[in-house]
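As structure tokens, one chain now follows by itself in the form predicted on its own.
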């Protein structure tokens, strides 16, 4: 690839990291995928400082990954819960890929702390790279980066 033709200022990885590249943001998303919706539950499971959690939830809402939905328990004031949007749900394969990497290289004695199973058949879930023609891509050496031309 001719590196001079690729505008790194428009890098999608850098853009994505500007939205979710902070530890607490990814952990909030993990919890949301595990079904956590309420601030108190995020706080209890994550142990994040309240100010940090408030900031991260606000950013994820602002970026359109979560949406705030009001709820009110009987006899209590109205509160909000946080639900994944389609944009947020689209990050699921990314989190599963990070989890798989951690399971491979960081898990104690090679034993994953959590296994994901397909609800329908019970088989373990994994992330795979495939090309549009359906061929499995084993790694970076099987890929050729091609800069896209800028729109006029």
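Residue numbers count along the first chain shown, from 1. The structure presented is a predicted model; accordingly, all values stated were derived computationally and were not measured.
The protein also exists as the form predicted in complex with a further copy of the same chain; that form is not presented, and the subsequent description refers to it.
A.B. asks: Check each of 58, 49, 70, 102 and return the one that places a heavy atom within 4.5 angstroms of a further copy of the same chain in the predicted complex.
C.D. replies: Among 58, 49, 70, 102, a heavy atom within 4.5 Å of a further copy of the same chain in the predicted complex occurs only for 102.
A.B. asks: With the cut-off set at 4.5 Å between non-hydrogen atoms, does residue 116 touch a further copy of the same chain in the predicted complex?
C.D. replies: Yes.
A.B. asks: Would you check, heavy atoms only and a 4.5 Å threshold, whether residue 66 touches a further copy of the same chain in the predicted complex?
C.D. replies: No, residue 66 stays farther than 4.5 Å from a further copy of the same chain in the predicted complex.
A.B. asks: Test of understanding: in the predicted complex, would residue 40 fall inside 4.5 Å of a further copy of the same chain by heavy atoms?
C.D. replies: Output for residue 40 is no: heavy atoms all beyond 4.5 Å of a further copy of the same chain.
A.B. asks: Mark residue 62 yes when one of its heavy atoms lies within 4.5 Å of a heavy atom of a further copy of the same chain in the predicted complex, and no otherwise.
C.D. replies: Because no heavy atom of residue 62 falls inside 4.5 Å of a further copy of the same chain in the predicted complex, the answer is no.
A.B. asks: Taking a further copy of the same chain as it sits in the predicted complex, which residues of 117-135 have a non-hydrogen atom within 4.5 Å of it? Please list them.
C.D. replies: Counting only heavy atoms within 4.5 Å of a further copy of the same chain in the predicted complex, the contacting residues of 117-135 are 117, 118, 119, 121, 123, 124, 125, 126, 127, 128, 129, 130, 131, 132, 133, 135.
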